[in-house]
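Here's a solo chain for you in structure tokens, the form predicted on its own.
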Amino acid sequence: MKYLSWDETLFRDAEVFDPEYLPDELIFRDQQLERISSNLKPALHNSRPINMLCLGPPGTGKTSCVKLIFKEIAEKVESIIPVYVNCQLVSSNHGIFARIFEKVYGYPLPSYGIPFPKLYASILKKLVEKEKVLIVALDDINLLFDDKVMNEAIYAILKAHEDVEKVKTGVIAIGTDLKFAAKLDSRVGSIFHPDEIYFPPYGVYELFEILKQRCEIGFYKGAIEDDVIEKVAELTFEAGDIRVGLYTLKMAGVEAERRGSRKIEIEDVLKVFEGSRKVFLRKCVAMLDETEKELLKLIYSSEELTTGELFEKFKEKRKLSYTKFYNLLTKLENLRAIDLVFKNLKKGRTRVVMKRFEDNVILDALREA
């Protein structure tokens, strides 16, 4: 039978293609998993773990690796309290420690709130009582609205042993900004000393194997052939984010079902790919604050500019230092909205802001955000 009946589906488990899905095994990340695991081993013996900085482009497995290790700790290790904080959603020092409080005490912070000094002291007191080591993963830390918040959060976690004897803590910072360490102030730099673990972009072959693994779990046998997965892998490599590929597979399955087909074809992939990329683009734009959105709009409303030329134009809209301006540019590059490349111009070698998308694609995403 060629066509699906009304109650049939191609999906064994559609959630497999969601960004939040955590597989039991992460292929092509053995080295990174081993480094993370090794750095946490001292905590198994009630000692402070080695702090870490997990760096790499979006969609390279940083979050999944940390979450997989934290899942294993939660299931098998009693001496460690792992706390995962998404800094896209939690952007204040108090908010970060509210998440820590919830994990340490087992229930949320009271709705009426607690002053930060009291909140901080109560967490440290409970850690000593339980004789547990606290490990906090701060994901997308470079997306915190203020570098000051980032520094305060890391410092507060790591200086805990100075405030309360026998408290042991560690930090895993996860980000896309390869110059992250330069944003740490002297206080934090003197106590953080992270082991930097790099997550390189996946190649086309690696993407194919990862996507094929998900298809084997997410679709019924025979629903998709390798040549279709190969096409998705190629498109995903161009997009630079595996989450785009996963969403494309999901929507291609939906499109095939809409046609009543028992098999996903390349035509289904091509039909949904651009929409899949736009969905993730809108999500990236939604993460930006008003200043960052204004800068992105200026870039995509202008012809090619050097960073210096762009700074002069943006100064007319917002008064800010060049350092702050360049930090904004770096964030847009980390989100893969732009590229900063060196070019040899008549006045010498300089950095140019290159667009990664058509103007209307970004401007539409900004309007929708």
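Here the structure is a predicted model, which means the values were calculated and not measured. For every residue, the number given is its place in the sequence shown, counted from 1. C-alpha atoms forming the largest set that superposes within 1.5 Å between two forms make up the rigid core.
This protein has a second form, the form predicted in complex with a small molecule, left out of what is shown; the following refers to that one.
Chemist: Okay, which stretch from 59-67, 37-45, 299-307, 324-332 lines the small molecule in the model of the complex, with non-hydrogen atoms inside 4.5 Å?
Modeler: Stretch with heavy atoms near the partner: 59-67.
Chemist: Does I27 reach the small molecule in the model of the complex if we count a contact as any heavy atom within 4.5 Å?
Modeler: I27: yes, in contact with the small molecule in the model of the complex.
Chemist: Closest heavy atom of K250 to the small molecule in the model of the complex, within 4.5 Å or not?
Modeler: Close contact is absent here: in the model of the complex, K250 is far from the small molecule, nothing within 4.5 Å, heavy atoms only.
Chemist: Does E257 make contact with the small molecule in the model of the complex, using a 4.5 Å heavy atom cut-off?
Modeler: Residue-level check for E257: no, no contact with the small molecule.
Chemist: I'd like to check something about D359: if you look in the model of the complex, is any of its heavy atoms closer than or equal to 4.5 Å to a heavy atom of the small molecule?
Modeler: Contact check for D359: no, nothing within 4.5 Å of the small molecule in the model of the complex.
Chemist: Tell me, please, whether between this form and the one not shown the C-alpha of T63 is shifted by 2 Å or more, with the rigid core used for superposition.
Modeler: No, the C-alpha moves less than 2 Å.
Chemist: Checking M287 here: with the core superposed, does its CA move 2 Å or more between this form and the one not shown?
Modeler: The answer is yes, as the C-alpha of M287 shifts between this form and the one not shown by 2 Å or more after core alignment.
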